[in-house]
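Take a look at this single chain in structure tokens; it is the form predicted on its own.
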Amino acid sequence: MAYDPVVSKPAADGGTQRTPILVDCDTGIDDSLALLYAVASPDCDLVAVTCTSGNVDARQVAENTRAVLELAGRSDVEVAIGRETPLERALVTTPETHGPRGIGYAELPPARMPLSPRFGPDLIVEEARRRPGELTLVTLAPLTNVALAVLSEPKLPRLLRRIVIMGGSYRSPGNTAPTTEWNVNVDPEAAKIVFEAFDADGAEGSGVGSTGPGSTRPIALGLDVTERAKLLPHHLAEIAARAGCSPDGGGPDGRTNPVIRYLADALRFYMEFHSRYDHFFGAFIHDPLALATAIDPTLVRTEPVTVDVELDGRLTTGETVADWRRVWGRPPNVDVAVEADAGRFFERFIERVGDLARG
């Protein structure tokens, strides 16, 4: 079942119609690539970014987010911090995956743009109320901020155009525990609140059971799909070539391309991590695929399914349990991605980020 496309249509003035996107992230390496993709996409209107802890602590997330946006020339994008700890559990971060500051070996100048005075969950609710039915929320982090937003505004599922979630493991092993994915594992209580919000919203007859206009059912990209977005050294070389420089950022005039230099240094750390643990020299870029799907949903094929989150399992806490055989008899609350067009995604990623780097 396809996710209904709502983007990339010609505007009345001959330009490209842009999708309003709000990103909630825990900016590590692949989050930063997703932000670069958003900025580089002519069909994306990046409204704001909210930050929570996950890959690194929330304060470092906010620093990384602002520094990456400044690198991309978008110091105008509002960046807000949300909750800095999971709802009930102690915070666990992942410096072995993303580095102690979350951006691998990369060095960026300290962010100059000020943080928003708004609290992240409040920003989500306020922006959804300001443009009801228009905003797509893309979550690339533990769902802590989104859970708080739902608790403060239960109508949030109907105020959003859609929520796209990078999180969960639906038809594959986990990457944190045998059956759990990182974002859900960090704050499973928050994930359960968010998934149940769409269960409850469906019971009210809001259109959650449909896939056309009016559907508020989220689309979730789990590891079985996002791990098909495997960035290899030749992809980085192609981005650099499009930007007119070498893969390490060196230009023909002797100057360094700052975007390519950032990518090279951040991704080298990420590729070394995957070489140690996943036995290939490359990187799964989960978050950019989710961001790209929010802009163009035809990149994935989905199936509607009922999803719940295990909180009490001795071995399975944080598992996203999907009722593929419909044994629960409950209506679907999530459109789970089951296939992704990784080739088309990488064509766009190389083109757009390469053009951004070229300036």
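Start at 1 with the first residue shown and count on from there. Predicted model only: the values in this text are computed from it and were never measured.
Form predicted together with a small molecule: not shown, discussed below.
Taking the partner from the other structure, the small molecule in the model of the complex has a heavy atom within 4.5 Å of a heavy atom of residue 55. None of the heavy atoms of residue 262 is located within 4.5 Å of the small molecule in the model of the complex. For residue 217, no non-hydrogen atom is located within 4.5 Å of the small molecule in the model of the complex, even though that partner is not displayed.
In the model of the complex, the small molecule lies farther than 4.5 Å from every heavy atom of residue 195.
Contact with the small molecule in the model of the complex, defined as a heavy atom within 4.5 Å, holds for exactly one of 123, 289, 140, 190, namely 140.
Scanning 257, 116, 93, 175 against the small molecule in the model of the complex with a 4.5 Å heavy atom cut-off leaves one residue, 175. Contact with the small molecule, judged by heavy atoms within 4.5 Å in the model of the complex, is confined among 281 to 289, 147 to 155, 79 to 87, 129 to 137 to 281 to 289.
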